[in-house]
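The chain below stands alone and is given as structure tokens, in the form predicted on its own.
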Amino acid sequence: MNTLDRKIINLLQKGFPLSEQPYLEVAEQLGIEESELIHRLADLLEKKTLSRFGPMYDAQKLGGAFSLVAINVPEEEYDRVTEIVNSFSEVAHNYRRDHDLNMWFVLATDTPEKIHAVNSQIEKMTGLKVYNMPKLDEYYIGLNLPV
């Protein structure tokens, strides 16, 4: 990443304008052309520096549900299980932990009942026990990861 990439990421973590020309507004704040901003974002996504760029929806406010899920994945199966888990559109993100439960991911579904259905499918496809940990409370911490 170069200095401009870092500026883009740091700025966009604070929000994205809701306007007719949001990319232009952001580009003007950065002192660059709109086309350069769009190109830099595409490049960051293509190189997997960013895993995604888009809106974050609150599934619960839309009638859905969130849940944190963990699996104990044998090391020799990790890549296979990762591919299966990540194939579900309901998986918001998936990350590795140094723990017996070494794979953790977040499910976001359009109905609360679908959490169980997706976890059951993942168990069936992986052959591994899925540990569902539904969200009980939510705390806003204003996460910002400066780069």
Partner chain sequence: MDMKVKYRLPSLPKQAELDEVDQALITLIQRGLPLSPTPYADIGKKLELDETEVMQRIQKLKDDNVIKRFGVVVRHHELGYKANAMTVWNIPDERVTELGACMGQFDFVTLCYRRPRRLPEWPYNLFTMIHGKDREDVLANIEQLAKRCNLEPAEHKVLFSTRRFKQRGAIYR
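So that the term is clear: the rigid core is the largest set of C-alpha atoms that superpose within 1.5 Å between two forms. Residue numbers count along the first chain shown, from 1. A quick note: this is a predicted structure, and the numbers were derived from the prediction, not measured.
Just so it is clear, the following notes concern the form predicted in complex with the partner chain, a form of the same protein that is not shown.
**Student:** Can any non-hydrogen atom of Val26 be found within 4.5 angstroms of the partner chain in the predicted bound form?
**Tutor:** So Val26 does not count as contacting the partner chain.
**Student:** Can you tell me if Ala92 lies within 4.5 angstroms of the partner chain in the predicted bound form, counting non-hydrogen atoms only?
**Tutor:** Yes, Ala92 sits close enough to the partner chain in the predicted bound form that at least one of its heavy atoms falls within 4.5 Å.
**Student:** Looking at the partner-bound form in the predicted bound form, is Leu4 within 4.5 Å of the partner chain by any heavy atom?
**Tutor:** Leu4 lies outside the contact set for the partner chain.
**Student:** Evaluate Met133 for contact with the partner chain in the predicted bound form, applying a 4.5 angstroms cut-off between non-hydrogen atoms, and reply yes or no.
**Tutor:** Within the cut-off, so yes.
**Student:** Across 34-66, which residues bring a heavy atom to within 4.5 Å of the partner chain in the predicted bound form?
**Tutor:** Heavy-atom contacts to the partner chain in the predicted bound form: Glu34, Ile38, Leu41, Ala42, Leu45, Lys48, Thr49, Leu50, Ser51, Arg52, Phe53, Gly54, Pro55, Met56, Tyr57, Asp58, Ala59, Gln60, Lys61, Leu62, Gly63, Gly64, Phe66.
**Student:** By the 2 angstroms cut-off, has the C-alpha of Leu101 moved between this form and the one not shown once the rigid core is superposed?
**Tutor:** The answer is no, as the C-alpha of Leu101 shifts between this form and the one not shown by less than 2 Å after core alignment.
**Student:** Taking the rigid core as the reference frame, is the Cα of Tyr131 displaced by 2 Å or more between this form and the one not shown?
**Tutor:** No, because once the rigid core is superposed, the C-alpha of Tyr131 moves less than 2 Å between this form and the one not shown.
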